[in-house]
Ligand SMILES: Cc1cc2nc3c(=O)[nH]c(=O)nc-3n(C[C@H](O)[C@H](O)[C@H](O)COP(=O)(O)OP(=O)(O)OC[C@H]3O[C@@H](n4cnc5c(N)ncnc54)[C@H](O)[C@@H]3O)c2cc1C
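What follows is a single chain, given as structure tokens, in the form predicted on its own.
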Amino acid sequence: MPQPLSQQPARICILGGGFGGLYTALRLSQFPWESNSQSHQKPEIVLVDQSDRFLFSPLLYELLTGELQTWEIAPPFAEILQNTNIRFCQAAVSGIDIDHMHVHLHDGVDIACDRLVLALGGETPLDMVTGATSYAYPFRTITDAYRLEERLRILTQSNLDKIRIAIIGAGYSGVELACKLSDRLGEKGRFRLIEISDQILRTSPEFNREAAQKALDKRGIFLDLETKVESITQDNISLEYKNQIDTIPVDLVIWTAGNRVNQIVRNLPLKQNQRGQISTQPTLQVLDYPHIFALGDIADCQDAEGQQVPATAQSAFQQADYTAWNIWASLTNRPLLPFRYQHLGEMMALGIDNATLTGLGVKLDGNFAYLARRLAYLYRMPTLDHQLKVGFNWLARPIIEALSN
């Protein structure tokens, strides 16, 4: 492991600006760093992401219904980091040399570092079904939302009597999308939600699952359970149910099923599980590589209690605090802390002004859950400055709209 060059502070390179990466960087920038020795100097923190914006992904659905605006859920990294010592580098990662601690970027830049954080997140596996790469719309990034918005605009302005939409995957993303888009399109939308297992929201609490089922039934969204997608074309989707294949005309296919580890990560010579997730210690250090940390979707982590940590935004939030602490501790000769995951509950939007929430002994649905969800996410936004701007806008918007009417 190379040591910092003489008279130079350590460099921490964080790959991925999602919840895991960005929040690790922000937390690191807040720690006290003693200046009485070279090894304790304030390190250089470099955050790398191929997008110019952070995305608060749990609120991406509200972009399609006009409930929220891009600047609220996807502020530019330059804005978030302007009052910090974090250096942002917009670039895609082309390779990682884990033995020499070098990161290679597509623009030809190489970054040497003393601590490396892998937080590159997952990707939607569209190549599992014939035609999906060409004709299905993923829904994971701000670019995906813009592409989908444009397709919806074209369909809405067409002469179609009904807009037929198939959504693949009845997990959180699929159910939330179905309800939001149904509220947006109203009578003009005809939806079917396709799920390979025998129920929606398999990992969700029963209260959330029942609330979601009611929301889907109320909107007349058709459910295809135990159904596999065979192929997708420009105008049709072929479904297999009990060994029978049915081909159905569609105007739009949205793919929300599955989550795959980034190819760059899968190619690393690190211990991985069957899904390509990197095996870590409870301290979030990669096995056999104590100077490399992994968190979020790409980490296969068991916490201090031995419980498997789910690949969720909630987990990444919590892991970021521990990752930052442990990097700071490793550079300042302090003890590292094993991660302790706390399940705080689950929240889900079920259309405009409607949600469901369970956790910490509370079960809510309807308008109160919608408000609680908004407030919880406002509290989780990356900086106090952004929280204040967004919070003020949420308070002022109803007043402005009432006055304009």
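Residue numbers run from 1 along the displayed sequence. Keep in mind it's a predicted model, so treat the numbers as computed, not measured.
The same protein also has a form predicted in complex with the named molecule, omitted here; what follows describes it.
- Here the chain stands by itself, but in the predicted complex one stretch of 161 to 169, 192 to 200, 214 to 222, 261 to 269, 261 to 269, has heavy atoms within 4.5 Å of the named molecule.
- Ser57 belongs to the set of residues with a heavy atom inside 4.5 Å of the named molecule in the predicted complex.
- Among residues of the shown chain, Ala311 is one whose heavy atoms approach the named molecule to within 4.5 Å in the predicted complex.
- For Tyr377, a non-hydrogen atom is located within 4.5 Å of the named molecule in the predicted complex, even though that partner is not displayed.
- Within this chain, Gln277 is remote from the site of the named molecule in the predicted complex, having no heavy atom within 4.5 Å.
- Shown here without its partner, the chain carries Ser51, Arg140 and Asp297, all of which come within 4.5 Å of the named molecule in the predicted complex through at least one heavy atom.
- Residue Ala316 is the only one of Leu331, Ala145, Ala316, Ile292 with a heavy atom lying within 4.5 Å of the named molecule in the predicted complex.
- Checking Leu120, Cys301, Ile80, Ala257 for any heavy atom within 4.5 Å of the named molecule in the predicted complex turns up a single hit: Leu120.
- Interface residues of 151 to 190, taken as those with a heavy atom within 4.5 Å of the named molecule in the predicted complex (partner not displayed), are limited to Ser173.
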